[in-house]
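Form predicted alone, single chain, as structure tokens, below.
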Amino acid sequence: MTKLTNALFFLLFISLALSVNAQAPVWTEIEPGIWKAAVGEPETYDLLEASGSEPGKEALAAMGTAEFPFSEREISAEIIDGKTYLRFPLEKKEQIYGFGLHFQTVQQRGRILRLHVDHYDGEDNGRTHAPTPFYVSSRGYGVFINSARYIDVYAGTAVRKESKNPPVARDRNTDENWTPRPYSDAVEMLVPAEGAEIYVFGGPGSLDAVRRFNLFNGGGCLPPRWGLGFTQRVHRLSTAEDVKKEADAFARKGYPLDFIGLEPGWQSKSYPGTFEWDKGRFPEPGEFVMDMLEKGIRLNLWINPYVSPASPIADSIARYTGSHTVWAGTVPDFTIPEARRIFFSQLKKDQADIGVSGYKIDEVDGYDKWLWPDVATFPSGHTAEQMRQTYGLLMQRYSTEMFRQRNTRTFGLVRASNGGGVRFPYVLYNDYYDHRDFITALINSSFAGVLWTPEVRASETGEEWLRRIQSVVFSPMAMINAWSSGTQPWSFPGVAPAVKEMALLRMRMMPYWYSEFAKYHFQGIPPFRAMNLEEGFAAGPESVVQSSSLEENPYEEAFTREVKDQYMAGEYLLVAPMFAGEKSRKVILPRGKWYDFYTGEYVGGGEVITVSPGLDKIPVFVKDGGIIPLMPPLLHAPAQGEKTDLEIRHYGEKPGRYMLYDDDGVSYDYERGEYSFREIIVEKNNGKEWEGRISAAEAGKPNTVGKVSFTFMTEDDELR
């Protein structure tokens, strides 16, 4: 018995030794300021493989290198029973952001998440449309886990007994400072695979880390100009004649409109789809599309990728689909080239080739009760989990490629994305409809490498309608999504004039929006981003606002108040949306001087102000020295080659500089150098009067700038 017992103990010891494999990651700087380590045996199919991301090497080189933000020995990795355990250090005065598209929280320290592509269901638990496994620290670095798995995250919540900085054990009976959540000095993650690729992005600032992440994934998308105009999605069973009447009403009433979205009724069958036109509602699709283009309006079509038995591609694609159906439709395995060829050839022939400009890709996220289960299998051998985490990426990648082959840019909507999807010209949306949470999601999108729109669908009052419209005007896509409600910009007559004014402001600001998206592409700067990425707004003891209303917690001394209702829009603008029922609100201004967007008046700096803008204004503030280029309020984006006049506004007391971007607005020729940045400079002439100038157009490059005028919005001190 003794020998047998010893043998069993020996076998148990060997088993444990084989199942635990502690590793010290070896870091290699693969691009300036970006380090990579591989632990265990990373899976060959991951987020970067699915997205096809390639780094923007020139842009990363221009950023220069950075210091590795950790002591390498503080990062640990273990492979235990086929799973990868990762641990990254946290300092006490450190906040973290990211881990995907959240709707209710911006600060993520102290949270437990499972990063899982899904419909958002009202709780920030990691199940969301873009659960990007990337986080950013207030110390100015980022961490990305390149795995297409459901990743468990303990973001400063778990305490190891051998912790370098353990919390103090307190007696709940007598110590009023006892807390159920003791201080934790680590971010720990569990990847259900026998290895993972890890990337670290250096700073020195948090925005620098975000920029490196975006550029590593190819840089942000650059939409066509028309994509930044105004869009209306019509009722799901609209006919060709209904759509034409809708467009005519916009024109007759003087509301801008650049593209119309057709919902499921454009197809002969949907849920699952046939991907061919319904000839009852759209008897002549080619003629209809061309008629709309002649009106200056493009079409965007709703699809989900589940193939109806009645589809013309049902038989040919069947062998390349998964084991389970969705709404009785087959699920193509888009990692297989032949599946892609069959599916996207149908879209190309029936839609793109006749002039359709883009898609709304629905239901590639969840719920579990709708999509394939985790027990499903796919002919490529990729697991159901991996397909769930990457299906939105695959649809974005290959639909974009279809338009790229035509040298025509697209801009559309999608329900799921993930790490690696930065460069795709798609904006996320969902069925959730909380206005405040929409703004929080817009803020979090800047940490997730995605774009998000706080769309408008319906409202109970004219006030709510206008407040929602104001938010979408200052977002990546100005959209009314009326597939169910049938609402139109003028649906609430009492606020219709103010809605029109806001829609026209969106058009006036197109030169600014287009230039800011160019910075997203070429420099990795999110066009809409969290205040925490703005210089002068960093967390820390020198911050202008300290926590005063949070519940007692062990991190309070290090944090500013969680700011989730105001954000930066482009280089110079701070946007603070109003919500239904509000007459006034508080706005936190970063250090430096800030000015009212509408009047140019000084409003403050490094302080909290209270504003009462009235119903027809959304509070917007401009950084000192800010330059905002505007164009006339056209009803459609400028056509290819069309010149528009510019009014260039300058705000504040500092001289200003701005890089105005220009290209043909529709093609991918900018990737071959067919673009220009023209420098705008505003300074005082002989130190007395403001004077503005713009650099000359570059010979042989696109030039859409007509006459240029300057408006100096802020009076001098002595005149105030």
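The first residue of the sequence shown is number 1, and the count goes up from there. In this text the structure is predicted, and so the values were computed from the model without any measurement.
Not pictured, yet referred to below: the form predicted together with another copy of the chain.
Undergrad: Kindly indicate whether 267, 368 and 375 are, all three, within 4.5 angstroms of another copy of the chain in the predicted complex, using heavy atoms.
TA: Yes, the whole candidate spot contacts another copy of the chain.
Undergrad: Flag residue 583 as yes or no: does it have a non-hydrogen atom within 4.5 angstroms of any non-hydrogen atom of another copy of the chain in the predicted complex?
TA: Looking in the predicted complex, residue contacts with another copy of the chain do not include residue 583, since no heavy atom lies within 4.5 Å.
Undergrad: Do residue 81 and another copy of the chain come within 4.5 Å of each other in the predicted complex, heavy atoms counted?
TA: Contact with another copy of the chain, yes.
Undergrad: Should residue 624 be classed as touching another copy of the chain in the predicted complex when contacts are defined as heavy atoms within 4.5 Å?
TA: Result no; residue 624 lies far from another copy of the chain in the predicted complex.
Undergrad: Would residue 160 sit within 4.5 Å of another copy of the chain in the predicted complex, counting heavy atoms only?
TA: Residue 160: contacts another copy of the chain in the predicted complex.
Undergrad: Work out which of the listed stretches, 230 to 238, 341 to 349, 130 to 138, 528 to 536, brings a heavy atom within 4.5 angstroms of another copy of the chain in the predicted complex.
TA: Result of the contact check: 230 to 238.
Undergrad: Which residue among 433, 579, 602, 85 has a heavy atom within 4.5 angstroms of another copy of the chain in the predicted complex?
TA: Exactly one residue meets the criterion: 85.
Undergrad: Exactly one residue in 523, 383, 105, 408 has a non-hydrogen atom within 4.5 Å of another copy of the chain in the predicted complex; which is it?
TA: In short, 383.
Undergrad: Quick one: name the residues from 309 to 333 with any non-hydrogen atom within 4.5 angstroms of another copy of the chain in the predicted complex.
TA: Contacting residues: 309, 318, 321, 322, 323, 324, 325, 327, 328, 330.
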